[in-house]
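Subsequent text provides structure tokens for two forms of one protein chain, presented individually as structure 1 and structure 2.
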Structure 1
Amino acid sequence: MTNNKAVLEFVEQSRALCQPDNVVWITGDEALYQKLRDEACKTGEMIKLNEELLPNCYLHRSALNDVARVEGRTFICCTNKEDAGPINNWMAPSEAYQKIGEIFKGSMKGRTMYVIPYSMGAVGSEFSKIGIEITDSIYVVLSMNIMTRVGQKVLDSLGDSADFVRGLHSKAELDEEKRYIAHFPEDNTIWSVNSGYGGNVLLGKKCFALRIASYLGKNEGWMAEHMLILGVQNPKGEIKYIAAAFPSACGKTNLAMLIPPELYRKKGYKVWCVGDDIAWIRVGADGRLWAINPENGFFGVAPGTNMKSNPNALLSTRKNSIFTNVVHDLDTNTVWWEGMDTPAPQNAINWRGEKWDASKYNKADKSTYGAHPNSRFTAPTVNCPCLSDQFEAPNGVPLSAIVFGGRRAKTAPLVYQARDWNSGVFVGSIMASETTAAATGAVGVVRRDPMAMRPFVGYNMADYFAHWIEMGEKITNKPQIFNVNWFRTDDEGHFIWPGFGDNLRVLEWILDRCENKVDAKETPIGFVPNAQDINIEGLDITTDVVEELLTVDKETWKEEVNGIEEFYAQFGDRLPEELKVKLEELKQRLN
């Protein structure tokens, strides 16, 4: 497949370490994939679903101890501990290579080693990067084929270059005490062992596309961000693009695949999805920021996805998809999960592989769930009904706005605009969500998740903030930066804003602000809309309610400042001076 010495050396070193019985190169050939699917079904690793209802779709179950990303077992392995920062787990590279190398030793005996050459981004694009993942899991091979561009064309594009990310994965014994997801940013290397769960083993996803790529971006002058990318098309046919970052459980995928309310659809508005999770962003020759989605598939949370909450996501899973840890409906040989539009199946197997009694389901007791709360679908992007025709554009799309968001009951207004780029970096750096009862049992605990990158920055987060500030100096034609909060509640704890498709009403104001078409009111935290400039036609709320959604309570924000200071304190002297200045300015305005 290749004469690239660096690739062949990496494969040989991995083979010598893991000692597989066979080595198979993934060429992108459909006949090979079909052979692997058949083999996985024979061993029980995968279950073939109803070909008529879900063509070429499969069910997969991960081990019971292996159902989510493991932040506690995820490490950044760089020479100096300070370079990993206070938020990441750190291990010295020499220690990690030795310790994890011992676990890899002989881990593939009796198994086949698969070599997956893959491209993050369209093959051959200047924005794209190449990786080689070596694995002993057919699930990984088939999922990487959905999530990335795989095969001979990638090796042809790489040529003789040694510039690729080296990823080694083995399920080993799925021992959670010996589970490690280790990133070596200085070596362009990722090692993952003793896991079979997608987020830990599809190494192109968070491991490469965010943790390693964020480090590459810092050194090469671009950005790898945990952001969706969408295009809003107005009735004139003009399309403006927005990148947006949200922590989990804040409606990121729903926004990426938003369906305009009927009122807007009739006028001719459309929303196009470029990506639902990751954006790689560079400064273009025109001085604007341009973004690509480096992925080729969706790795979405299944529970709660239905024809009401997110029809485009559900429709994306209808063919060529893999479902993990969901309910298997034996009568129809299809899948089900909590929050689906259809009644729970009466003859079913749950995510643990046990017979499931739907009548015992109790929302408050996770042990009664049929699908795991973090169960997933892996679906090709090309299936998405609202996929942008710019999805494969080699240079990406130009950004008019960057949006940050979180889940706050009272603090943040529905939307506000940052005063300038550095104020926008400040807004991103203080992003937070309050826990809901479902998450921890403790309600209203604030978790800071700057730029939604807390678990994904491959180096010191203070240096990451500094990189954002440096990027601002390079961008002559900057996008405007905003913060949104769909989750403001009334005194009874009910959400005030309708959310979902109606969030387009807020995006409309954001894009109008980017073009100076509407005014705004200055507040201590930034600019908020005049209530009459948010279109509420057809909604069951009044302008007074919108006014309430846009209020900025100074006392609440003074409390917020204490939380920000506490969060910033952990970064010590590395915190950029510019952010300290922005915090002081906020304090003065509040007083």
Structure 2
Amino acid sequence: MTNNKAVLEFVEQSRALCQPDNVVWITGDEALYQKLRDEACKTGEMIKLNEELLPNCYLHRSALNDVARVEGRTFICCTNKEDAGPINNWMAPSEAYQKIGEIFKGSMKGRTMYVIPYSMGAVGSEFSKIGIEITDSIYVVLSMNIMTRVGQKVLDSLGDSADFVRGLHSKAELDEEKRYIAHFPEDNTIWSVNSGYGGNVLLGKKCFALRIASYLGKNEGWMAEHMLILGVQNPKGEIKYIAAAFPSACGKTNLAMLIPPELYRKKGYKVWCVGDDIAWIRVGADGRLWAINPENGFFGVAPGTNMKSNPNALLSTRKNSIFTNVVHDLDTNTVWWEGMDTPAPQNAINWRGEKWDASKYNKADKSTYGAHPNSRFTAPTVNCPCLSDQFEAPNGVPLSAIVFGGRRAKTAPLVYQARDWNSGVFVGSIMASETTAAATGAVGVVRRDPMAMRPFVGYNMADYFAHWIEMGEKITNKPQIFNVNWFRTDDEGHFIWPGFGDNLRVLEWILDRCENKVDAKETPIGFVPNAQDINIEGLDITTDVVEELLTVDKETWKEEVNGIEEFYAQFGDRLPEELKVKLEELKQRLN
């Protein structure tokens, strides 16, 4: 396996603490994976699906109390509380090691401990980073194998370096009272216990690639962001790349894989997916921002994914994928979820593992749902029909635009452009969005979610804002920054903008702005399109509706300013002066 002392020591310490019956190294060997799949099917941890219709696909049901990220039990454990900031939960490292160590103690008795060496980013690329995840869950082993690059090649690439992220996970008893997702940025360490749900346990994803990586990025001069990356190819064959940050379950996967409307397809437009959730971004030698997707798979929201809304995502799940908390159709031994464009199965088991009667489905009553609203699929990126040929490019892709966005029923217009980099940082910092099922807690409540990173910044958010401002000083060839909102509703609560593939119409305006090809209207918050510049050919809506979607209501925004001031206040003196100035300027423009 390896002679790397630091790795061997980490494995030995974890073994001594968790006391498993045995230790298995994940080398990337297919025969071992198959053995693990068979074992998981035997114990009921996974169900093998129809080999003809869904080759090498499996269904998994998590515990009923364990279906989403637990932000209330997620901690940043750094020496000084102030360095975690007012948004994160904080615990002193010594206290956390002590308290959570007690829970880990003996937690793997009677179980096998798996050691997963994985790389975030292409193995061996200068910009990639390595992690070792230790776990007692086969589901985690198999999911990490989809979501990251795993195996001996990673150990080989690590050599004898001690520069890797140490991740320890145990399902323990799945006790939610003793569930902890703890990050020790100063030690490159993550401890996760008593959960089996994706975002809490696939430690390469949010824990490493965002919380730990954001901390590394601040110290090393790069950025780890909750962003999709896509390429828009125009009829001339030129490809321009966009990175976009939307909060959880607000449309990143959908936008990253969008299919252009027919009108655009005919003209020759294409969209290429580089990533759907996480971007690691640095300044290239040319002074531009370059982004990679450090993941190797998609952990996508299942409900609503269908051949019309997102065929590329659905097609990505047709082989070598794992489904979690969806409906099991017993007649075909396949899966189904709400918002699938085929009729609900008659003979089926819901996400809770009970017989499910589709005829009782009532949107208002969650207990009638077949699939959990945060049910997900884990699918390899290589399955994606629109995967960019730059997906593995070691240096990533150059960004023309950065887009922020959220779920706002009113307030935010369909799209607007920030005046300059620092205004763009301000726009990102004041982002707010209605909460979704991706985290436990109330759904549909508007909360501040700066840069869609509220749950994912591994240090003080005020310092994170400062890091964005500092990065701006290093980027000589800056991308333009925009904000979008696909989710404005009418008085009956219906979405006004058609969304999905038609979002390309907005991206077209964004890219035209980046090249100064189209005019815009100045408003107190930034530049909005002239309504006639959003192409609505082939849509059911009129220019008047677009006009309506683009309105910036001064009174609403004055109220918004109150919310921003309240949010900013908690950062005290640590809030960068630049943002205070931007807020004052906004207030003046509104008056």
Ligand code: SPV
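Basically, rigid core = biggest C-alpha set you can superpose within 1.5 Å across the two forms. Since the model is a prediction, treat every value here as computed from it, not as a measurement. Sequence positions of structure 1, starting at 1, serve as the residue numbers.
Remark: the form predicted on its own is the source of structure 1; structure 2 originates elsewhere. Core-superposed comparison between structure 1 and structure 2: the C-alpha position of residue 387 differs by less than 2 Å. For residue 488, the Cα coordinates differ by 2 angstroms or more between structure 1 and structure 2 after the core has been superposed. Here residue 408 counts as shifted, since its C-alpha moves by at least 2 Å between structure 1 and structure 2 after the core is aligned.
Relative to the superposed core, residue 249 has its Cα moved 3.7 Å between structure 1 and structure 2.
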